[in-house]
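One chain follows as structure tokens, the form predicted on its own.
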């Protein structure tokens, strides 16, 4: 028996614009993880049991567009292996919430299968495999989820239409506190990415201006993180969220949480991920976290997690 795990991810700055070649900053979210156990099966074929999803998948009988079956097939092809196997999938990462749940589960499957067959895959090889299933989840994925989760480190990511994506580790000079509020609303990234694509096709000049503004914010944020100038992060989050709002990916629920958290003392906030649901990030001072947490819970957040970014394990 072998086990593979993978973390979630948080996009700090740059979502949506990253699909159009602008940079984004993302960090691993190690508090939430997906886990996969692989063991030999007495019956024929490969079965995947995803109890959190209420699914049991017999890989050979599953449609080609099923992501869990697809990543299993791709990994076995990569390893040049086949066997009668049972995969048990579990995940603490909520679906359609901007935490990269699909990429995390796929990464955990790849790692578990590689371990089972005593094989070694590099983070780049894992990321490449997982990206193929990201297309099933997101339609036009940026590649950021599979990258930050496979490498499990803070990165600056730039998507390239031809050739290798630009992936650079980022330096976080001074840890800072993030409060993450779950709206309780699932929001499949594929839908919001598709809607932004339609808007861009209708009015490319306006959308390109917004993407440029987001790209500039990302560069400012990277510089602030590198120099420990964390006080700038709140204002940068606020500006990033304004740009995302201009793309039409905010929602009444997100705005209500942001208003409540800001009144309670958060110096900045933004949606994280696809938007129209999912999660909201708040930049808070550590001693204000409990007050802000209480405020956003009163405003309707389904749950709130407080985490420290940049703190060494």
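Please read all numbers here as calculations on a predicted model, not as lab measurements. Numbering follows the first chain given and starts at 1.
Another form exists, predicted together with (R)-mevalonate; not displayed. Remarks below refer to it.
Partner contacts here mean any heavy atom within 4.5 Å of (R)-mevalonate in the predicted bound form, and among 80-88, 160-168, 188-196, 226-234 they occur only in 188-196. Of the residues given (301, 25, 295, 19), 19 alone sits with a heavy atom within 4.5 Å of (R)-mevalonate in the predicted bound form.
In summary, among the residues 133, 142, 240, 147, the only one with a non-hydrogen atom within 4.5 Å of (R)-mevalonate in the predicted bound form is 142. At a distance threshold of 4.5 angstroms between non-hydrogen atoms, residue 11 is in contact with (R)-mevalonate in the predicted bound form.
Put simply, residue 274 is close to (R)-mevalonate in the predicted bound form: some heavy atom of it is within 4.5 Å.
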